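Given as structure tokens, the chain that follows is alone and in the form predicted alone.
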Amino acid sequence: MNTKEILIRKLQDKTARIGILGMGYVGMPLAVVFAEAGFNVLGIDPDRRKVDTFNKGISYIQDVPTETVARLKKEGKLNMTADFDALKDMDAVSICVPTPLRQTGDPDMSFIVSATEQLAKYVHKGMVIVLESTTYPGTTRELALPMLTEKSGLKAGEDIFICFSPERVDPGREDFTTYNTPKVMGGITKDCGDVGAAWYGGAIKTVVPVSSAEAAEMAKLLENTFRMINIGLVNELAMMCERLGVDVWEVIDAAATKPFGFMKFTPGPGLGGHCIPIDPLYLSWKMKEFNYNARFIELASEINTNMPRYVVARVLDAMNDRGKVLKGSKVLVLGVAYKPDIDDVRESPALDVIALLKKKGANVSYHDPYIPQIHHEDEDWKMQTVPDVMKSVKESDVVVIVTNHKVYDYKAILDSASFIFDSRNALGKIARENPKVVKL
């Protein structure tokens, strides 16, 4: 048997040793899925706090129950280390590290480069490597491939097998998880793709092979660009409806009754999370190499980025209409996570909304049952959630709903608040025609 056949057999009989490089929101759930499928999995992460937490049998990721971590650790199916030299014993390695944007808008490839440099020290014949970090088309072939082959002398598709399979994690979601969300897999060569599909097919319900790593990279960017642009569209629609005196939420609900040709998106105070605000800009940046301006992406980004400022302007106008000034007023922001019912503030528009309110002179506090503390790095301030949400609602001049967590008793909040600005339509029908409420 050749190297490909030997490795596929090891993957199919679950004797292959699995390494997950980067044990965060993507890596930890993936490691658990492989371990549950019967693989022996080792998570590798330089953050020793994560390793120490794991070694206590405790999960630090909301979507992974502590009970699951403790059980898999006890069974010996899942372990974790901060030592990269463990990579030398791995047969299959998945790279799951962050890919943020720099303040200049350029991709920050430092995490991918660092992880791949570490892996390159230990890469060996008979290893399959899958990059999961969302990035621009060409990264796997132009960046990862040379780093893993030039010094080692190994040939992709014969000695080692290199693929790209974009993560599709949606934190807090229970209907579609890492296990049952279809997984796109594209290899540097066809043989690379075959090995990657054989590996993931042993743990993931559905694997979708594509012809190349570039196709897989582009598919991920299309998914998030689609969402970004459509959110930008409804955000602009919200601004138009406000000028026309029309309820944008009623308009969207009416349009959504059409059973074909329409997909419902809703406006909000801005984009957040590790994907949608960032990933399309990777594509926009890449296209500049070809002197091509990605106009839809740039326009949607401009609209979405401006939404926190629009929200604050609407709050200011609404208070003026009530004979109040924003400066010196008590403002309670409800919800700072980037989406409902999760503990993640990455790129959350709430941070910008709070920063802008503070600049206007408002006395701002916040409540979030999932986020005990926030830190705005650019503004260099920290805040802690108020301990008693209903007490703060009663004492505030305005409550600004930024994240519509399900745990809130919106009827009680409506009854107790003097004025609410609802940027998510969290109050829904209970606030219809209520003079205390202004909606986005």
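Numbers for residues come from their place in the sequence shown, where the first is 1. None of these values were measured; they are calculated from a predicted model.
Keep in mind the form predicted together with a small molecule is missing from the figure; the text below concerns it.
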task = Please determine, with the chain shown alone, which of 273-281, 79-87, 286-294, 315-323 has non-hydrogen atoms within 4.5 Å of the small molecule in the model of the complex.
result = 273-281
ask   = Just to confirm, residue 200 within 4.5 Å of the small molecule in the model of the complex by heavy atoms?
value = no
key: Contact label in the model of the complex: residue 265 to the small molecule, heavy atom within 4.5 Å   = yes
query = Closest heavy atom of residue 366 to the small molecule in the model of the complex, within 4.5 Å or not?
reply = no
query = Can you check whether residue 170 is within 4.5 Å of the small molecule in the model of the complex, heavy atom basis?
reply = yes
message = Whether 136, 141 and 190 jointly form a contact site for the small molecule in the model of the complex is the question; each needs a heavy atom within 4.5 Å.
response = no
inquiry  = I need to confirm a contact call. Of 71, 330, 360, 227, which residue comes within 4.5 Å of the small molecule in the model of the complex, counting heavy atoms only?
reply    = 227
